[in-house]
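Next up is one chain by itself, shown in structure tokens, the form predicted on its own.
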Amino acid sequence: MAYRVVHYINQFFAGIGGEDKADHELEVREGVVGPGLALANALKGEAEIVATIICGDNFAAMHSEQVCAAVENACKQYQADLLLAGPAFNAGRYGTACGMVSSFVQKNVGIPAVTAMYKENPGVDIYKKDLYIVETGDSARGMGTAVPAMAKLALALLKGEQPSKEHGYIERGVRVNTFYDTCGAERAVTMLLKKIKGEPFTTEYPMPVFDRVEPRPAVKDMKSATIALVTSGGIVPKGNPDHIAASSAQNYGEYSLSGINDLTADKHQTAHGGYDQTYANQDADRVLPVDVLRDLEKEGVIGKLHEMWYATVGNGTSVANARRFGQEIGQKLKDAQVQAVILTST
């Protein structure tokens, strides 16, 4: 008898819609939907997708407990042997949701789960220690390679096999004890000699690589400096006109401060979904201190406050998107001859 699999996808891959349907409430359909057809073919009859869970990315981010409970119920109702989620590629909210439901099901239903996403998807850093996450390309163009890899890993887990690097999952950072015939010092010298000779070798303990940004020199004359405000705390005009997502932002907003001395509750809010919005919505100056900067401007402590502010949401936002936002905003501030930036978070 074939293994039973439940598949989790978002509103886009279900064919319901894009950002305009990101608030689509969770629903369960019997059988395959969207990429589930390709997954079902890749499982080659050894496992079948008995149900598909569909949920909008925003809905999943804003109702995580409800979504996890519903996925757990679906897995139990359909007597699932495994949960597949995605593939999510580089879609941050989708990847985070796939990781969230997969991790929850493993812990609370006791069945394995497999998801797939791009290495820079924020869901990877959050859930890689809990899950096997198949590495994919950054867009749905990689569907042709992602699906067979997911199916191969899923079947291995269903059969009780120990996954290996051949299954293409992202390194989890989990240490295991290994016995060698030679001591560490001898292996280290062997690797060093290979490195000196330009020969290939594989380190036993790869180190993470982080970007290093050189700090700028201090501002010499604050009294004549133009100071800008930039925030990852999600402060936006009322109604969130640029539809910045509550989690895993895909964009940022640029807004005028002309004539504004105070960010009042009737005209401003936070779009951020990663903290309690109550106090920021009561007074957005708590996150983006326009009122204080206006006071310093009047007192002559600073030259002036830049006429625009920039805002996005840092919650789950991918490194790639954050880098792009920073480069674009930085160029705009440079073009405007801004001398310093106050960058606020939450």
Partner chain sequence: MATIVPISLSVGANRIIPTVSIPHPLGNPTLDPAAEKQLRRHLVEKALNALQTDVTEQTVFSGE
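Rigid core here is just the name for the largest C-alpha set that superposes within 1.5 Å across the two forms. Residue numbers count along the first chain shown, from 1. Everything numeric in this text was worked out from a predicted model, so none of it was measured.
Keep in mind the form predicted together with its partner chain is missing from the figure; the text below concerns it.
Proximity of D276 to its partner chain in the predicted complex: non-hydrogen atoms within 4.5 Å are present. With a 4.5 Å cutoff on heavy atoms, A61 does not count as touching its partner chain in the predicted complex; it lies far away. Interface residue remark: P217 is counted as part of the site for its partner chain in the predicted complex, having a heavy atom within 4.5 Å.
Of the heavy atoms in I302, some are within 4.5 Å of its partner chain in the predicted complex. Taken together, the three residues E27, V109 and E161 all stay farther than 4.5 Å from its partner chain in the predicted complex, as judged by their closest heavy atom. Only one segment in the set 289-297, 29-37, 305-313, 45-53 has residues whose heavy atoms sit within 4.5 Å of its partner chain in the predicted complex; it is 289-297. In the predicted complex, its partner chain lies within 4.5 angstroms of at least one heavy atom of each of the following residues of 330-346: A340, V341, I342, L343, T344, S345, T346, in sequence order. After superposition on the rigid core, the Cα of P87 moves by less than 2 Å between the shown form and the other one. Positional change of L305 between the shown form and the other one reaches 2 Å or more at the C-alpha, relative to the superposed core. With the core held fixed, the Cα of A69 is displaced between the shown form and the other one by less than 2 Å.
A shift of at least 3 angstroms brings the Cα atoms of K107 and V319 nearer to each other in the predicted complex than in the displayed structure. Here's the thing about R172 and V319: their CA atoms end up at least 3 Å closer in the predicted complex than they are in this form.
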